[in-house]
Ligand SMILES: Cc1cc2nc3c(=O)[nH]c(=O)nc-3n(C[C@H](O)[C@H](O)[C@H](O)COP(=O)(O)O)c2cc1C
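The chain below stands alone and is given as structure tokens, in the form predicted alone.
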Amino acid sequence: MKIKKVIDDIYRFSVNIEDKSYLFEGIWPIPDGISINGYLIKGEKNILIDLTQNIFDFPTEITQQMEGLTLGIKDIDIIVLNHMEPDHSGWLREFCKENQKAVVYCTKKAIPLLQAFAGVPAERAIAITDGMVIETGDYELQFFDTPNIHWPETMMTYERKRGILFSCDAFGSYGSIDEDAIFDDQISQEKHQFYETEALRYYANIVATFSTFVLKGLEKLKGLEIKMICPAHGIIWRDNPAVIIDQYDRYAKYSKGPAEREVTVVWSSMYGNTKQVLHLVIEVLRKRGIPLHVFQVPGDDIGYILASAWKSSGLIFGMPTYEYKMFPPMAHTIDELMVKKVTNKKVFRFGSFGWSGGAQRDFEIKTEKSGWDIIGHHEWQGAPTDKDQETMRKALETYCDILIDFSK
């Protein structure tokens, strides 16, 4: 990739992780890759805003991009670290060994992490205060403390004269970026839809737990005239940054419910007895005009299930009893939904059991603090009978009535 001008003497440097076997944060699949973006202000003082990860020879690639502006590592005067997670700070250790003069601006909570992650002494850092401004040449950088979006030490940086928000992980998405289409006004509608889908999945995987803090952060940003958003992952929003702001506002408010009038169905089956009822679930919901998204565990990745569940007002789980409890792969899925605080949902569960039940009780115990409204459930021993099918149909009709009323 080449370094790309954003505006005036502000530039974006970037790399794409394109290894399909790579898991983001060691958990989340990124079959379409992800970009890691940083920004450079060339001027009276040369400023880097966020760095890159020290993998795949990315530091060498970024160094070469900087050379396109006739700048080297030793020419940098200020490093702004909005976030200390290694995909944005992993290069810091080696960078600071070569550059002994650059001052690091970060939050107070980030300073201990400088030593822990990069061996950078606190003496090289300046802890920002909320709203603090530094001026250098024609640029005015204002720092805003935005904790828990998505680590406690995160902040955002705002260039006041041009209305540019350097938002780090906020307003980001999965997906590699074409170096000739880095702005929102350079991509097709189809590509916009792709990035919105990947922004939702990114949000559900990375940020969802902290939605309360996202809403607080958005409230803080309301007073700013934001003309452009430069995130650390994804495209730059220069034509209409309100689009991604509105999306994040909507994603965060899904936590309060209702979300979209959709249902995420997650099912598992040991010997096919639970699966026999799946077609009935799909049939009833489709006849009622309710969009649904169907996932199987084990099989489908939890990252995709989380994104769908986060967006849906309704959840339906099909699972057998296993040793008096939930089927283990489903229990893991439920645990992940709890961790990410997928709440305020209308829920139904069905499933088969062998010599004894127990999954429903286990399910209710694990989800008792979830904020889920469990509309009903149906269990049967062995294979489902015609009577079980009819009972399920009536229960699902009731569930649909409640869901439709809830999501008006």
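As the structure is a computational prediction, the values presented were derived from the model and not from experiment. Residue numbers here begin at 1 and follow the sequence given.
The protein also exists as the form predicted together with the ligand; that form is not presented, and the subsequent description refers to it.
- Message: To test your reading of this chain, name the stretch in 76 to 84, 175 to 183, 299 to 307, 263 to 271 whose heavy atoms come within 4.5 Å of the ligand in the predicted bound form.
- Response: Flagged stretch: 263 to 271.
- Item | Selected contact from F144, Y322, F213, W151, since only one has a non-hydrogen atom within 4.5 angstroms of the ligand in the predicted bound form | That would be Y322.
- Message: So the ligand isn't shown here. In the predicted bound form, which residue out of G43, G371, G68, G354 has a non-hydrogen atom within 4.5 Å of it?
- Response: The option sitting close enough to the partner is G354.
- Query: Is P31 close enough to the ligand in the predicted bound form to count, meaning some heavy atom within 4.5 Å?
  - Reply: Looking in the predicted bound form, residue contacts with the ligand do not include P31, since no heavy atom lies within 4.5 Å.
- Message: Within 4.5 Å, heavy atoms only: does G376 come near the ligand in the predicted bound form?
- Response: So G376 does not count as contacting the ligand.
- Item | the ligand in the predicted bound form - contacting residues of 358 to 384, heavy atom within 4.5 Å | The stretch 358 to 384, when checked against the ligand in the predicted bound form, contributes only G382 at the 4.5 Å heavy-atom cut-off.
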